[in-house]
Structure formats: C-alpha cells, structure tokens
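Before any questions on binding or motion, here is one chain by itself as structure tokens, the form predicted alone.
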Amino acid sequence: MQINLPEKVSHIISVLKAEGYEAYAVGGCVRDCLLGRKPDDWDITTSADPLSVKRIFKRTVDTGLKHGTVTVLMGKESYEVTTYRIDGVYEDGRHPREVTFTDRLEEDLMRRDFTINALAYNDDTGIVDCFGGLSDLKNGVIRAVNDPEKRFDEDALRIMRAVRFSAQLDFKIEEKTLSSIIKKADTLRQISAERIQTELVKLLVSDSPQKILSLYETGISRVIMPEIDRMMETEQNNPHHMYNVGIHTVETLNNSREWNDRLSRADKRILRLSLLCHDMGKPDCKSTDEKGTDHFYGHAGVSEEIASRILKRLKFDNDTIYKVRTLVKYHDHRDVLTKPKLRRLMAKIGDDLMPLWFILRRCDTNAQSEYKRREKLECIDSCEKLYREIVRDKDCLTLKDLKVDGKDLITCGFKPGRQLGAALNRMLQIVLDDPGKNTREYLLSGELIKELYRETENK
C-alpha cells in the first residue's frame, strides 16, 4: 500500500535512514492519506534520540527534548520528529511524568490513543499496523489501542477526541471503548477549558455536527456543558414543535449540513456554536398554560446570556462571543417583512452576520414541526429577497453610511459628547426608515437641525 509522501517528509526520513536509524511518518497523517484526505500536518517518528536528530539536521527547534520531540525546519515549513518512546505514569491526565526512549516502533505505537492513529509508514516498509488500525479504517470504527481505560487515564481529553473523530470520519465507536468513555467521562474535569474548546469546535465544524448528541449519551456534556443536559430534559408540548429542546437543537445542527460546502470554516464555526446555544434559555423560560401548552417567552434573551457564560467559560475570544451572542439574541426575530424593519435589524446584527442569520432561521424552522412550516419558510424567503434589494441599493445601515458626520453637526451648534451622539443616532433612525433622506441637503436642513437640537439639548 503506497502513500505519496511530501518531498520534505520523504527527505527527513531518508536522511535519518542513511544515518542508520529507522524513521516513519506516523499517526493522523497516515490515517488521512489512507482515507483520501489531505493531512493538516506531518509527524515523523524515529529510533534516533533527540540529540542525534539535532546533530543530523542543521536547523532545529527544541520543542520538547524531555519527551523526545525535535522540530526540524525545512525552508518555511516545520516537522515534528519524535523518538520512539514508552510513556511513564501520567500524573496530570495529560503528560507522562517521564518517558523512556526505545528502539522498537511497536512500543511507540502502543502508547497512542486509537488504532487508526497508530499507523506508521515509509516507502521501503510500507504500512506498519500492529493493532488492527487498517481493519478499523475499513470498517469505520474508533477503537482504543489495547486497554481503553488506560488510554483515557493517560489523557482524559482522548474521551472527547473519540467522539470528535467519530463525527469527523462518520465512524462508530467500538463497544468496549464506548463503555470506557461513559465510565471515565467525569475525568474530563481535569482538562483545561482551552483543550475542551478545541475539541468541541472540531466536532461542531465536522461533516456530522449532529453527533453532538454523543456528548449527552456518554455523559460528557454533564461534565463540560451541563446546559445540554437541561435542554434534553425539557419537553416542548407546543404545536410548533415535535422534539424536546435538546433533540430540536441536534436537528438544527443536522440541518446545517446542507451548507457544509458553502461556508468557510470560520462562518461554520460561528453558525454552529449559535445553533448549539440558540435555545439554551428555554429551560429557564418554560411556562405551561391552562390548556397544557408550553411557552418559552423571552428565551432568546436568556439564551444569549447563557451562550455568553458558556463561551467565556471555555475561553473563546471576544469576537466569537460577540457574534454568537448576536445571532442567538435575534434568532427568533420574525417581524421584519418591511424594509424599514429589516434595515433596523440589519443595523443591529451587522452585514457580516446577516447571511448566517438566514441560514440559522432555516435550520431552526426545519427542525420544528410541520405546523405552519411552509408559511415560516416563505416568510424567510420574502425577507431574504428584501435583504438582497437593500444590499443591492446600498441603503444606509450604520453611522458611517450617513452623508453627514459629527463635524457637520458641531458646525450646526451641537455639543461634542452625548448630544452629538444622540443627534447622529436619531438621524440614522430617520434614514433607516427612508433611505432617500440620506442626503446632506435634508440632514442639514434647518427644520431637521432645530428639531434634533430640541430633542437632544439636555443630553
């Protein structure tokens, strides 16, 4: 079985072999090649000790000499070269206290997480598969190497990685491995928020984001995001719904797969985080009327607050938090079937997020019951048509689009500060209602200036 190694990877392996050492491409890069995917990076494992690697290659970085890793620089690219090793006791659920270097490839592969990641390759030997990784690749199985409990004790994040690989590759988790995930889920508490965030995002932007349900089924969400469990426990006895809040959320994520190939990874990330959080306020807002019908008044605002707390807890950046909060806040905003109302919404949401807002609305609607679904989708279509006309006509939506600015109003007698800001914002509201009034002639007309001055003089 042949793999087309990149030239620089092949060169590093050849140089190490010429020096009398073994060397192989290893791990995810081999897995991805066998699946017909392009690897994100290439790792190399070798029988050469770290100091020998440093001696052989002129340009290196001491990435982790203690654990056997040297980064070899080739032009503008870098490759991690790690000595075959046996890991000692893991004291922090992530790093071994000590490692022992070995000259046996099989012992190195034995410490890896899953069989499909415990594959090695070079052009002379071909694939080295000591633990059935090729069979698991063929059958679509995620299986821990040897004892799954031991693998998860070494690094608890592997529990989430199993679910993430299952979503990315559309593989099933092998029964014994799955049982160990359920048993060991609570150990994720020792994993940093940043590492949890990374795995969560990789799962959500995968081709199977609906596998977020596995986090609930395995008990993982109870540890990293109990808000998911609350949604799963909240029924929606309402003609507009046919699932509980949690399954509805999973279905919205499933519906987003339609846009897998049409969104950038960055937009997909924002959309799917928003879909995950859009109804998280419903458990807190649930009420039931005298007819037994459930209602969730004000849930969008509460969901926004919960989304903010979750994203801060998982150490997301401020830009992500702002975008997700905005989409969640306005996800249930429907009364926008006139251009003035839609312009006002666009001004609040922002040009960059409006396309995602329409997708979110469609994913949400298609995850509801069939009751009035056609009418809801037709409303979204009509709204999007108006949106395209507004964009086409380049209607004013923000203060920077106004034909006047603060200097103009100061010339007219407005005071810098609150009065000036209030006057500009009032002008924007006027123009949002009627873009034809966005002219210097109208905005600086004596009658309007007098009216705005009276409205704002005490601000």
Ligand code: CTP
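In this text, all values refer to a predicted model and were calculated from it rather than measured experimentally. One rule holds for the numbers: they count along the sequence shown, beginning at 1.
The following text describes the form predicted in complex with the ligand, which does not appear among the structures shown.
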Interface check vs the ligand in the model of the complex: of E304, D364, D113, D294, the one with a heavy atom inside 4.5 Å is D113
Taking 4.5 Å between heavy atoms as the contact cutoff, choose which of R164, H248, K268, K329 touches the ligand in the model of the complex. R164
In the model of the complex, is there a heavy atom of the ligand that lies within 4.5 Å of any heavy atom of D40, even though the partner is absent here? yes
With the partner left out of view, is P50 within 4.5 angstroms of the ligand in the model of the complex by any non-hydrogen atom? no
Can you work out whether K202 and the ligand are in contact in the model of the complex, taking contact to mean some heavy atom pair no more than 4.5 Å apart? yes
Should G28 be classed as touching the ligand in the model of the complex when contacts are defined as heavy atoms within 4.5 Å? yes
Taking H241, N255 and E258 as the candidate spot, are all three within 4.5 angstroms of the ligand in the model of the complex by heavy atoms? no
Partner absent here, but in the model of the complex, which of 213 to 221, 308 to 316, 164 to 172, 124 to 132 has residues with a heavy atom within 4.5 Å of the ligand? 164 to 172
Which residues in 148 to 162 have a heavy atom within 4.5 Å of the ligand in the model of the complex? D155, R158, R161
